[in-house]
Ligand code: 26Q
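Before any questions on binding or motion, here is one chain by itself as structure tokens, the form predicted on its own.
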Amino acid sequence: MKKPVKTPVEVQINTTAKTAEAAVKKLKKTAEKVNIEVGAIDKSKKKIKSKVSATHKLSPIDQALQNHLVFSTFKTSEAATPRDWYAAASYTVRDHVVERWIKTAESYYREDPKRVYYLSLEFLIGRMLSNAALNLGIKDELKEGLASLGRDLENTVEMETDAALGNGGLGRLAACFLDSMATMDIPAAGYGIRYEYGMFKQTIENGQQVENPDNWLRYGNIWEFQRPELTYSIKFHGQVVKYPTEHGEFQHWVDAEHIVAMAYDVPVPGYGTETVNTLRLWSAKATREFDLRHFNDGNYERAVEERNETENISKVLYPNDASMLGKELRLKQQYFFVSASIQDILRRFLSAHEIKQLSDWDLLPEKIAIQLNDTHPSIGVAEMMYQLVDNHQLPWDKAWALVGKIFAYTNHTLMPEALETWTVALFENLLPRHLEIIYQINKEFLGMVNHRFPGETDLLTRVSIIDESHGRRVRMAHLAVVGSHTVNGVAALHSELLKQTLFADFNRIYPGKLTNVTNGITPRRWLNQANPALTSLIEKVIGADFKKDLTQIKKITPLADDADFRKAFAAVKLGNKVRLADKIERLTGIKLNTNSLFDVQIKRIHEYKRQLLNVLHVITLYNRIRSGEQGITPRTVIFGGKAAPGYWMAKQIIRLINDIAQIVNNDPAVGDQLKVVYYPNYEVSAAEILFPGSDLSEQISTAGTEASGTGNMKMALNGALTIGTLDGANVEIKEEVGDENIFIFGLTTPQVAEAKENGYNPRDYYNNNAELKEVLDMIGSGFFSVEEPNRYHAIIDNLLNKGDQYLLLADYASYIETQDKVAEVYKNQDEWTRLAILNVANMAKFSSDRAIGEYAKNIWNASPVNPLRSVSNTK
């Protein structure tokens, strides 16, 4: 049979098919070869990766940072913002803190030691991340961990907002004391208010202070732990009902408004120890969040009115008390946090100790020490009586005997007008039961005084807790003194003046009750953290022990005469000045000469702190430069601090400083010889840059007005020389560093008193000093306020016509002469550095560790409890 003949098309198709089949086979072989090669490459990559992983394993910190970035912030590293990285770093460090915190709490419950409770309306704790990492000893690891992930620790730390829980020295002292108590293993807790807003955030606009809300909790607070199970009812208003019982007449506080205090805990890690103590802050919550009836009626504001009014109590630090409502809110704040704290303290005590009979209460002062930080928490004396007598049914005499062993009071002022008083009418309306208790305390106290000092009716009037001479007011400082076993001042001079003036009568009545504990600062925050370069330099030559025992820093004294050490020290100071100058340029646009003398005065703006005296010196220098005087040491004068919102004169001083800065900084004849800077919104994180960058520390308050001061200590510890009066702790700084290493000027406290007694006339100084007259005339004539020549008439009027209360003009000549000495010494940089080293070397006395040691031994009778030792003892 004949084979069918294929058509040309069929032949073409077959040929193409065979060619395609061959091509496919060839492609398959090539693909197999490629796959083999790819597989080999993959194996090689895995092998390399395995080797890399073996030699570069993630550190625990690296892994924790990555984990928290994902699981705590829900971000990948590509999507994470700087704030996310801050959160991841904070959660990482917080994990370490919490582990120790739990051990500490367990050890306290197991050991049942005497506990110290520090009650303060302010705790200026600053940023937590870097301080916690430093105290736990993991700061370097954290820095390396962030660097390995492409992040910088300094920039990460900058994302943290300062906790707006305080305003000035009072709050910062409280924070330093908490640090030292934890570092020294003292079983302690701080109690205060969780302010939603700080006092205010300061900006300078057109030379004037502008107050903006300080919403520091806008992004939450990683470092706090809400404790909804710890809530207490706080009562206000109502009335007192008396009823007889078989044990006598009892009082019952009824028809009161109730507010809830909820606890928020912040850890306080000690340095170089396992101890982590607690700062417990109270937030006000309404008993009823929402009134549905008003809401349904369309009255939406009334629906939440009760909640808003209640939560105002913990809304703002120091509400303006110019109005009656403001005064009421301040007293509410104080009672709110004190009552919650004392209820919490008693709850803790009763949970650990069974009270079966009256004598069991004798254990209370053996387990509890309460320190009142200034007069703000002094209502605690009456509150403890209320809790013991009304709520726990103790006899009055028994309760009062216990109270007198529990409380101690720290006074922070020599000015009678700064001691809090409240009208009896306000007390009666707000705290009716406590007013009755205060009356009873006062009656028994005056009875005792009258018995011991018969016939001295004037004495009874002066010391009475109720001031009958000024519209019937409750003197809170007197309540604190009467209800405390110990009253301390905060510097040797201050404490002595308390005995001689403000509390002279009480010193007669209670011999030995008044004592002194000079303030201190924590070297962890104010040297290790604020000045790492200086810390590192000192550590290289004397070791690291000075970080926990500042007495060791004395070892650098001989190095003041070592040329190499002086050179290294000067380099550190210059680096800190460059850092400060960069910050100031970013904030204000003012470019500084870092070789100039950085003359710094940073503190609350107040007439007694005499920023105005500093201003007079600035204008004097300006006039000398304009007159062509040669050889003037270049100087940068830096001011910083907040004026209370209602303090008009302090605000005028701020405005004057900025007006002067506008003229001086833009005068071509001045150039770099003189610059004036106002650093806005002075706070803890700002202080950590300002103190290390300072050459000269201005501590120039009128002698006999500043209780202590701590800025003077911080600056000296960071290598600044002090110019100051013999006021507050300046006296003791002078004793420690030596007369030749400090610049003292002005009238002494006795001389100030003598000048006032002899009819001090400021115009005598004005008429007899040509430089002073020129300076005051420039201010008064509008030289620095051309558009409003009369702007500063009130300042000049205060100085010349209203008595110059703080004796600026009397001290002017001495201040100028001493500033001239400062300028001459600064020209010899080697000598200036030598003096600065000696200042640092002699700052050991001003460690808050020393202060807490004195409190613990002489006032609280409290002993340390080491969590690790406590754990080992139980095994």
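Not measured: the values here are computed from a predicted model. From 1 onward, residues are counted along the sequence shown.
Just so it is clear, the following notes concern the form predicted in complex with the ligand, a form of the same protein that is not shown.
Which one, Ala571, Val578, Leu325, Leu587, lies within 4.5 Å of the ligand in the model of the complex by heavy atoms?
Comparing distances to the ligand in the model of the complex, the residue within 4.5 Å is Leu325.
Have a look at Asn320, Gln239, Ser781, Ser77 for me and say which one sits with a heavy atom within 4.5 Å of the ligand in the model of the complex.
Partner contact (heavy atom, 4.5 Å) among the options: Asn320.
Thinking of the ligand in the model of the complex, which stretch from 498-506, 325-333, 197-205, 448-456 has heavy atoms inside 4.5 Å of it?
Selected range: 325-333.
Considering only heavy atoms, tell me if Glu420 and the ligand come within 4.5 Å of each other in the model of the complex.
Yes - in the model of the complex, heavy atoms of Glu420 and the ligand come within 4.5 Å of each other.
At 4.5 Å between heavy atoms, is Glu122 in contact with the ligand in the model of the complex?
Judged by the heavy-atom cut-off of 4.5 Å, Glu122 is in contact with the ligand in the model of the complex.
Any non-hydrogen atom of Glu698 within 4.5 angstroms of the ligand in the model of the complex:
Contact check for Glu698: no, nothing within 4.5 Å of the ligand in the model of the complex.
Just checking whether Val381 would be counted as a contact of the ligand in the model of the complex - the rule being heavy atoms within 4.5 angstroms.
Flag for Val381 set to no.
Check, residue by residue, if Thr522, Asp849 and Gly853 all come within 4.5 Å of the ligand in the model of the complex, counting heavy atoms only.
Verified in the model of the complex; spot residues all out of contact, no.
At a 4.5 angstroms cut-off on non-hydrogen atoms, which residues of 140-167 are near the ligand in the model of the complex? List them in order.
Counting only heavy atoms within 4.5 Å of the ligand in the model of the complex, the single contacting residue of 140-167 is Asn167.
Do the C-alpha atoms of Pro319 and Gln202 sit closer or farther apart in the model of the complex than they do here, given a shift of 3 Å or more?
Relative to the displayed form, Pro319 and Gln202 draw closer in the model of the complex - a change of at least 3 Å between their C-alphas.
Arg218 and Gly326: their C-alpha distance differs by 3 angstroms or more in the model of the complex. Do they come closer or move farther apart compared with the shown form?
Their C-alpha distance grows by at least 3 Å in the model of the complex.
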